[in-house]
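Heads up, the chain below is alone and in the form predicted alone; it's given as structure tokens.
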Amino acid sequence: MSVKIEGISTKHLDRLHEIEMECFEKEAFTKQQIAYLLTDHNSTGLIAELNGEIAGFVIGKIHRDRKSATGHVLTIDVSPKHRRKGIGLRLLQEIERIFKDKGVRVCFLEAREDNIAALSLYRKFGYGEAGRLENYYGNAHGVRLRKTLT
């Protein structure tokens, strides 16, 4: 089983939206929002292919001010049938590498406070809790996580 990570483009939009809906349902980005993120010059996206099929993707954005740049992982999605194969970890590692190459030293992301699998992955990978987000996901609370990239 070989996972191939490569750049994302709008030609993948239909499949990305399918995966987003599988993962997040009511809280999913719309197809238009994903399209916007794919064309935003501050955004970076990657797909993970497994046996020629897109199994997951990540989209992150770099926010710059005069003194620094921070990364923000906006969405990281792995199709349910491809979970527990290390795909999410590979996508996270690769977007962090891209962020670091672009001068980013701190990365943020959010997860539902009841998404134990995601929180466990992020904590294992060095993210620490940076705050609670009241009703961030409709009626569900979120957790903001932060990692210093070295």
Ligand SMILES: CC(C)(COP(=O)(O)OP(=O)(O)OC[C@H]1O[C@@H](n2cnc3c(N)ncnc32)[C@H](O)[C@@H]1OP(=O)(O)O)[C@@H](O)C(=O)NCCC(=O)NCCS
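Computed from a predicted model, the values in this text were never measured in an experiment. The numbering used is simple: start at 1 and walk along the sequence shown.
Form predicted together with the named molecule: not shown, discussed below.
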Give a yes or no for residue 122: in the predicted complex, does one of its heavy atoms lie within 4.5 Å of a heavy atom belonging to the named molecule?
-> yes
For residue 111, is any heavy atom within 4.5 Å of the named molecule in the predicted complex, or not?
-> yes
In the predicted complex, residue 60 touching the named molecule (heavy atom, 4.5 Å) = no
Does any heavy atom of residue 64 come within 4.5 Å of a heavy atom of the named molecule in the predicted complex?
-> no
Going by heavy atoms within 4.5 Å, which of 98 to 106, 83 to 91, 32 to 40, 64 to 72 lines up against the named molecule in the predicted complex?
-> 83 to 91
Can you pick the one in 28, 118, 46, 50 that has a heavy atom within 4.5 Å of the named molecule in the predicted complex?
-> 118
For the stretch 12 to 40, return the residues whose heavy atoms include at least one within 4.5 Å of the named molecule in the predicted complex, in the order they occur.
-> 23, 24
